[in-house]
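First comes one chain, alone, set out as structure tokens in the form predicted on its own.
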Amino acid sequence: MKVLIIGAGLGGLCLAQGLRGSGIDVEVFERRHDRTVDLQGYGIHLNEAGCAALRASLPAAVWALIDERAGQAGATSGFYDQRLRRLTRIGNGAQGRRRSVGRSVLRDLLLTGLADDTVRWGKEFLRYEELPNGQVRAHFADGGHADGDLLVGADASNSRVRAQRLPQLRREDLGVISIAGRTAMTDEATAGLPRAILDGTPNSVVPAGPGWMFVCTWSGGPADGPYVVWAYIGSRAGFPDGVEERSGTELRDLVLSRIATWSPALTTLVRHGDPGSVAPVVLRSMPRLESWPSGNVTLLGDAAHNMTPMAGMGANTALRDAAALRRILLDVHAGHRALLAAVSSYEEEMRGWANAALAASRRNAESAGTTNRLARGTFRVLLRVADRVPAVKKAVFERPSS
């Protein structure tokens, strides 16, 4: 069996590691020309499902490298008002089972041991065709092609594989924009921030009026020290026209104008932000995934279920996809089931957890972008009640980990 993977992102590389380590012939095709091109994003939190997927898919030595490099992400998420007064902290997993790691650091570690004949750089995917012998052929911009028994689209949110395989499945604009940046974690830049905000756990600032802010620290990569990621989220209608074309400095100043009456510690943090890191992100999401006829072309990660970053589930769900697809393809490799039946089983499993993650991500994004003061006020009251009544916190916020 030969598997072709389009895209050398986290999910695609996790799958490649798992298949290669199990003796399945696999090639990864990536449009970027080499591994030195950085990935978008600042860092990710590996939840219990993400860590379990990596452990199941990777050679023990590669997982050990990730485990060594990743920091602890903690077992709670914090909520504060705009003056940094605590609203509540809620559990987000078992202590010690969540990890924090830079996205590019994780990508590089996932490339460990993958020879040049496994990852093909500079191969821009154009289209695929189904061959008379039951195989599928991938065509590339350089005029080359590759044949395999299964083609996996792991080519991110603007997936060309998805556009051909499921042209009706399109992302939806949620009418919410995030302006995100990063600030070096110096004493001056983080003065006045509560210690709990700087311990690697995700934190949300929930003001009484419009807007929302996410704040979290990451340990950084080998070339830089720890940093704080911050993101101001609001309704698109509340931003000026052309905000997506503004420079990093202009965007940083725009955020400062929106949080001018908030805690001075937050304005200090944003003021020290690196303008080169500040960028707008239009929050988009796939709709709920409905069943589709399975074939010898399937999807993984953002290519199937691109979601907003507002639940921290995107990368973890992609890794979960990869582990599940690997497990099912091992049955095919061993002769225990037919390929198309296996793909159908994978896609049904994937839609289950993907739809749950899509719903949570969309709900969080719409809550962050709301301009409804009653809805915002009700949410803040609920957070305060949860902080004082453990039964309410457990029932409303602390779902079992999966």
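The numbering used is simple: start at 1 and walk along the sequence shown. Every value quoted in this text rests on a predicted model; they were computed, and no experiment measured them.
Although it is not shown, the form predicted together with a small molecule is what the next lines describe.
In short, of 43-51, 360-368, 332-340, 347-355 it is 43-51 that has heavy atoms within 4.5 Å of the small molecule in the predicted bound form. Put simply, of 79, 262, 239, 125 only one has a heavy atom within 4.5 Å of the small molecule in the predicted bound form, and it is 125. The small molecule in the predicted bound form is not approached by residue 55, whose heavy atoms all lie more than 4.5 angstroms from it. The small molecule in the predicted bound form comes within 4.5 Å of no heavy atom belonging to residue 162.
Heavy atoms of residue 273 never reach within 4.5 Å of the small molecule in the predicted bound form, leaving it off the interface. Taking the partner from elsewhere, residue 156 is found to have a heavy atom lying within 4.5 Å of the small molecule in the predicted bound form.
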